[in-house]
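Shown below, as structure tokens, is a lone chain in the form predicted alone; questions about how it binds or moves come after it.
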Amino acid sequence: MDTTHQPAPPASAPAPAPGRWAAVQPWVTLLARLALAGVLGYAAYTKLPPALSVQSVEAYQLFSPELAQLIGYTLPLFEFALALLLLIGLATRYVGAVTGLLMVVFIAGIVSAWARGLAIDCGCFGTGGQVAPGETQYGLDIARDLGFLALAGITMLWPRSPLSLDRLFGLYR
């Protein structure tokens, strides 16, 4: 008699209990969402008035003055919009992906400045511009942005979380 095939459990058998990750994941995502919303909202706020943001973008010496001005004026608005969407939990997966891409762009900019020997503050929180060569903190700036990238990855890969409009609209149940 072949004992390798066991009969399927009856249809009335209870479903297996969800794993620990299934129970914890929504709360991990909520914390990641709120942390990113706070960081992006604070970053946008510290770039006001926009002249501070323009100064930070110009310090990277990557763009024409006109493009640096456009980026400097729009970046705080973009960060604020992402923060608001993360805070309310709307389109969480997509906003997490866009936030992750933004962090990659920020990291690339910092690496570029470091590789070219520029002595600038990253401008991430409104204090950009030239600094003394010994005052740069590129390694810490990159590590911090990698942490934010990880939070964005969590919200992108596991968007389901409590206190979100996504749940209200039936997304990510």
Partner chain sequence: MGKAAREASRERLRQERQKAEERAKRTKVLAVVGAALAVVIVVVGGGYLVLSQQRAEEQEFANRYGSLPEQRVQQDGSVVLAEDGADAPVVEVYADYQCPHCKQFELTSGPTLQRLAAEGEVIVHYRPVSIFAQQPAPIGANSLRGAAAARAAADYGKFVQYNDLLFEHQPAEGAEGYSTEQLKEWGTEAGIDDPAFAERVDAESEVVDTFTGGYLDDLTAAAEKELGADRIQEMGLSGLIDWGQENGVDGSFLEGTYVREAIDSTSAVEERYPSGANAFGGTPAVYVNGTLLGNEAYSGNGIQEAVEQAGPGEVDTEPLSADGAAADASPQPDASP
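In this text the structure is predicted, and so the values were computed from the model without any measurement. Numbering follows the first chain given and starts at 1.
This next part talks about the form predicted together with the partner chain, which is not shown.
Student: Heavy atoms within 4.5 Å of the partner chain in the model of the complex: which stretch among 29-37, 136-144, 63-71, 102-110?
Tutor: Only one stretch passes the 4.5 Å heavy-atom test: 63-71.
Student: Residues 77, 85 and 171 are flagged as a possible site; in the model of the complex, is every one of them within 4.5 Å of the partner chain by some non-hydrogen atom?
Tutor: Heavy-atom distance to the partner chain in the model of the complex: all three under 4.5 Å.
Student: So in the model of the complex, is the partner chain close enough to residue 91 to count as touching (4.5 Å, heavy atoms)?
Tutor: Within the cut-off, so yes.
Student: Closest heavy atom of residue 50 to the partner chain in the model of the complex, within 4.5 Å or not?
Tutor: Residue 50: contacts the partner chain in the model of the complex.
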